[in-house]
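Shown below, as structure tokens, is a lone chain in the form predicted alone; questions about how it binds or moves come after it.
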């Protein structure tokens, strides 16, 4: 055989192997594909990895490895940011907070995925079934545009965690009624109906010192009625404060109004100041750590699981630890409901809150094969069977056909509050300047939380900083 004939034969064989691969054959063409993924280290991502390892079978027949880098939440943004901007191209996928989209899309790190969705009717149908709040927050940049970058990994909302052994105690019920002329909320439905006045009354009522009686027993330690996030780190106060501002009719800077939306006069409007002042007024009824600026989502969760708080507002994503007797002293004493709302002029509760959770995103340097296998994994993850299993195992689903199924509320005790909360979710900004906005705002909120300045001074400072920064960036004209 001549050299030319040999080369022609090799080319024919290679073409045949490629044809087998494209046509779906899985024998001679199977490959090893590794997907390196950065994720925050908490139950929703641990569950995802477990399901992948135990159940996922790639349709291609390739051997696909999901190599997950579990990063502690307080370090998550800084480590992912350092990796992406260093040029090391370590990750093929990441779980990303929604507010990262602008910075990392504009930086050239996150891949637009419209082409994959448009080429796959099943995936397009799933995306159309995602609740609009999460679709816009997790997938679109610019916000609410038709440019798609992400898929829901774990959608999250705030819920109220309650100690039903204390809240439903007959003696505490009678004493609360006598003091406030209203019923102490005990059931999930009663917690759903709470406004912030009722929540404040719980805070006042359950401030007890070591040795005092609680539900007929002497306390081994000080006890408190309420807790919510009030931490300087990352976004741990903004995520709670935004809800107070929105519920009072105020707003944060609105990126959908670029370039006509202002920061000054909006961020520090009378309604926004009232919302922040209301938030600050409740801290006195919380454990003293709240006044130090270190009451992040993990600290309030820890205090609740240790049995030191009657009611805690926190993310569903932390809920599994409260149900586990190995990590919770109150695992068999729990009730869940919606977060409190603000009564509107019509007497109905206004329930706006900042959504939580994260999307999957793809990086721009992946091979076509890595993207293909990553998309197959995303489709599998968003399939009804896995979404139901995830919800039953401690996760949540933003897919309407999944969460609207009557069986959904039976999976976990907080799921009864899930669908009812979805229409009340908004999100923080997604622009490239988000981290500068967030860091300055968190610093200012911390000064207010620790008693160093009032609500008006705080929001005046935030508004001026945002107006200057966003004007310089051309986002405010």
Partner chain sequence: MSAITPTTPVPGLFEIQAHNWKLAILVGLIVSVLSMFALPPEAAFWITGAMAAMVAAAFVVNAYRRHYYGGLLVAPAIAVLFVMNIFPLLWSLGLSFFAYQSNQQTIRFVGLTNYTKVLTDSLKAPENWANLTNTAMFVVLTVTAQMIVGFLLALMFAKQFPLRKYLLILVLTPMMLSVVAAGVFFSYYYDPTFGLLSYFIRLFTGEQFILMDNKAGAVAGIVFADAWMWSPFVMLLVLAGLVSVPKYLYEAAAIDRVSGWRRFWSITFPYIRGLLMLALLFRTIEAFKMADLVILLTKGGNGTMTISYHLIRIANEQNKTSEGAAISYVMLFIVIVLTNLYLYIANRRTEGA
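Note that the structure is a prediction, hence the values are computed from the model and not measured. Residue numbers count along the first chain shown, from 1.
The form predicted in complex with its partner chain exists for this protein as well; it is not shown, and the discussion that follows is about that form.
The candidate site formed by 165, 195 and 458 is entirely out of contact with its partner chain in the predicted bound form, as no residue has a non-hydrogen atom within 4.5 angstroms of it. Note on the interface: of 247-255, 176-184, 282-290, 118-126, the segment with non-hydrogen atoms within 4.5 angstroms of its partner chain in the predicted bound form is 282-290. When its partner chain is considered in the predicted bound form, residue 351 lies well away from it, no heavy atom lying within 4.5 Å. At a distance threshold of 4.5 angstroms between non-hydrogen atoms, residue 146 is out of contact with its partner chain in the predicted bound form. In the predicted bound form, residue 63 stays away from its partner chain, with no heavy atom inside 4.5 Å. Not displayed here, its partner chain is kept clear of residue 392 by more than 4.5 Å at the level of heavy atoms in the predicted bound form.
Residue 306 is the only one of 260, 324, 306, 189 with a heavy atom lying within 4.5 Å of its partner chain in the predicted bound form. Of the residues 439, 410, 34, 55, just one reaches its partner chain in the predicted bound form with a heavy atom at 4.5 Å or closer; this is 439. Contacts with its partner chain in the predicted bound form, taken as any heavy atom within 4.5 Å, map to no residue of 392-418.
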